[in-house]
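Given next, in structure tokens, is a single chain: the form predicted alone.
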């Protein structure tokens, strides 16, 4: 009964397309054969070097020959080229598996008396039933090379010693060091002191900036929506202006306004006989400043979001609460707040994740300063993401920056997934208990 299946399977394993030719699908078989020929031609010249390159990351650094420098192996180029070749290999293996499954499936249909599809009929079947999969294949390949591969490359850097001054190609080679970079980050005192200090501030910043902007926006939205408030359009417009201005300009203007020497904020305080504050030069006040400015920029976003949610709350829910004798605060606690949280909980989680990586607010306002003497290349207001930036572009500590990037990802991903799965929006439960 399985005479065709086994033969077609063995032939397609021996070489792509042989199984299809055995099933009398000659054009399809020839196309598979051409794919295998192209793969053999490509991998015969690249696969060996790719495996050697990703294993050793090069063996010969730049050296002198007869008084002149001669370039050796470039570890980073080798790593990238090896990754590209291995991704092509993964695609090739996937096509090989598809080829075997296709030949076996067609042979099984032959055993049932179903004639194999000719090439024209196969194309028609592809267009009628596999149209989405076929046209998503090309974007999937693009994502593989332009999204997945850079992520894999960044992750691999964390397991090397790619950093200045001793391991920067082409002058020096890069080596695999395993988890040594992570151990240095959490155990080596000079690095761990900075890492835990920046990590704690990052968490504090993310919590405070999320809570202040969200509940600030909620408060403003509720005030504007109160009955009897006049010029509602004016209030909405004037409060949305900070959001309408490009954040880059807003933050740079704020940076000048909070300047301790000539900024207008300290001058206003002087008019009232108050002493100016070191807004950007003292570690504590610099942290207060970035949170306050972030409120100014972030509250309009939450306000608009919550005002939209308020318009969707059925009026009869409030009327039912009034019939039961509920006070204004009770209506807010029982009706308004659950409805708003139900609709905006996923957005709130995303805001928290976004604030962990809120590069602009810190970099444009303080550039991570003021400097902390015993920190490694970080200031008092640096977040993990701005510290990562300095490690990469200012100090060439690529391996350490990659390790920090992986830790940021783990924090955000684990927190977001855990909290999102606990929200009622995800569980699709009734929000009114």
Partner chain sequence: MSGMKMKKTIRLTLSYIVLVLLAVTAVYPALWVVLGSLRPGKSLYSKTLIPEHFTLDHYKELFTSNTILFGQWYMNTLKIAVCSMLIGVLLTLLTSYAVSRFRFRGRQTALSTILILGMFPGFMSMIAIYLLLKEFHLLDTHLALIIVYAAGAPLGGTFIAKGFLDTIPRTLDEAAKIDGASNMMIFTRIILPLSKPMLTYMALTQFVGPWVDFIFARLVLRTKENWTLAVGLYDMVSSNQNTNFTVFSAGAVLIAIPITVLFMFLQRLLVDGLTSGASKG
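The structure presented is a predicted model; accordingly, all values stated were derived computationally and were not measured. Numbering follows the first chain given and starts at 1. Rigid core (definition): largest C-alpha set, two forms, superposition within 1.5 Å.
Same protein, other form: the form predicted in complex with the partner chain, not shown, and the subject of what follows.
Shown alone, this chain has one stretch from 55 to 63, 33 to 41, 385 to 393, 370 to 378 that lies within 4.5 Å of the partner chain in the predicted complex by heavy atoms: 385 to 393.
Though the partner chain is absent from this view, in the predicted complex it lies within 4.5 Å of a heavy atom of just one residue from 330, 226, 164, 190, which is 226. A single residue from the set 136, 93, 274, 320 has any heavy atom within 4.5 angstroms of the partner chain in the predicted complex; that residue is 136. A residue is said to contact a partner when one of its heavy atoms sits within 4.5 Å of a partner heavy atom; residue 77 meets this definition for the partner chain in the predicted complex. In the predicted complex, residue 47 stays away from the partner chain, with no heavy atom inside 4.5 Å. Using a 4.5 angstroms threshold between heavy atoms, residue 15 stays clear of the partner chain in the predicted complex. Interface residue remark: residue 204 is not counted as part of the site for the partner chain in the predicted complex, having no heavy atom within 4.5 Å. Contacts to the partner chain in the predicted complex (heavy atom within 4.5 Å) from stretch 127 to 153: 127, 128, 131, 132, 133, 135, 136, 138, 139, 142, 143, 145, 146, 147, 148, 149, 150, 151, 153. For residue 150, the Cα coordinates differ by 2 angstroms or more between the shown form and the other one after the core has been superposed. In this overlay on the rigid core, residue 246 has a C-alpha that sits less than 2 Å away from its partner position between the shown form and the other one.
The Cα position of residue 135 differs by 2 Å or more between the shown form and the other one after fitting on the rigid core.
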